[in-house]
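Just one chain is shown here, as structure tokens, and it is the form predicted on its own.
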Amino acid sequence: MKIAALVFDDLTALDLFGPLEVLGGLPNAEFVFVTPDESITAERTGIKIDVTAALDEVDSADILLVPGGQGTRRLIKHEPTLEWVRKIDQTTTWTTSVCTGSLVLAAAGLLNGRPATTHWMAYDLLEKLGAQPTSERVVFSDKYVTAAGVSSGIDMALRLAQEIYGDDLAQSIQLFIEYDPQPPFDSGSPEKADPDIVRLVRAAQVARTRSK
């Protein structure tokens, strides 16, 4: 099973590595990392990522994974990337995204009129790009699977493993990675978080965006 991950400068590391840790438990999983960029540094962490292929070197995949991050704001206007996404999508069994990766799928025209999700601070932009935003953590619409912000990519990949290989394998992967979240706070969504915390996060994101 060939899994193509679109990687790019200023992506969010967990958006990529969380799902890949799960999908790596699928039988015969084979990964290829595809990029439009010459070098890739993950936002926030500064992690450097080596890639295996340029856009024109990969023309098919069983699963396409598009992570999110600030770099997606550039990619939604980068026609060579969008054209590659459209081309790969014609070959996939599943086309997936995490966080603002869904903006790239939407900009490529793949989510027109479809329910989809993204990071809660990007709902408006997702709607402008033609999708129907929903606050669900993982959204299936035919072969398109979108996950909300960052950590939800793990949930998405487990749901995908369940869909492809059934409950037993998905649960085995969950146990192997010991995915048993027990956060110290119940503030993982804007609906649950204190309004002051929501405002703080929004302000921090605006400041980060302006500093780019």
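Heads up: residue numbers just count along the shown sequence, starting at 1. If you're wondering where the values come from, they're calculated on a predicted model, not measured in any experiment.
Keep in mind the form predicted in complex with a further copy of the same chain is missing from the figure; the text below concerns it.
- Of the residues given (Leu158, Ile63, Val145, Val58), Leu158 alone sits with a heavy atom within 4.5 Å of a further copy of the same chain in the model of the complex.
- The candidate spot formed by Trp120, Ser187 and Val198 lies fully in contact with a further copy of the same chain in the model of the complex, as each residue has a heavy atom within 4.5 Å of it.
- In the model of the complex, a further copy of the same chain lies farther than 4.5 Å from every heavy atom of Lys87.
- Proximity of Arg137 to a further copy of the same chain in the model of the complex falls within the 4.5 Å heavy atom cutoff.
- In the model of the complex, none of the heavy atoms of Pro36 sits within 4.5 Å of a heavy atom of a further copy of the same chain.
- a further copy of the same chain is not drawn, but in the model of the complex it has a heavy atom within 4.5 Å of Pro183.
- Residues of 156-172 placing a heavy atom within 4.5 Å of a further copy of the same chain in the model of the complex, in sequence order: Leu158, Arg159, Gln162, Asp167, Asp168, Ala170, Gln171, Ser172.
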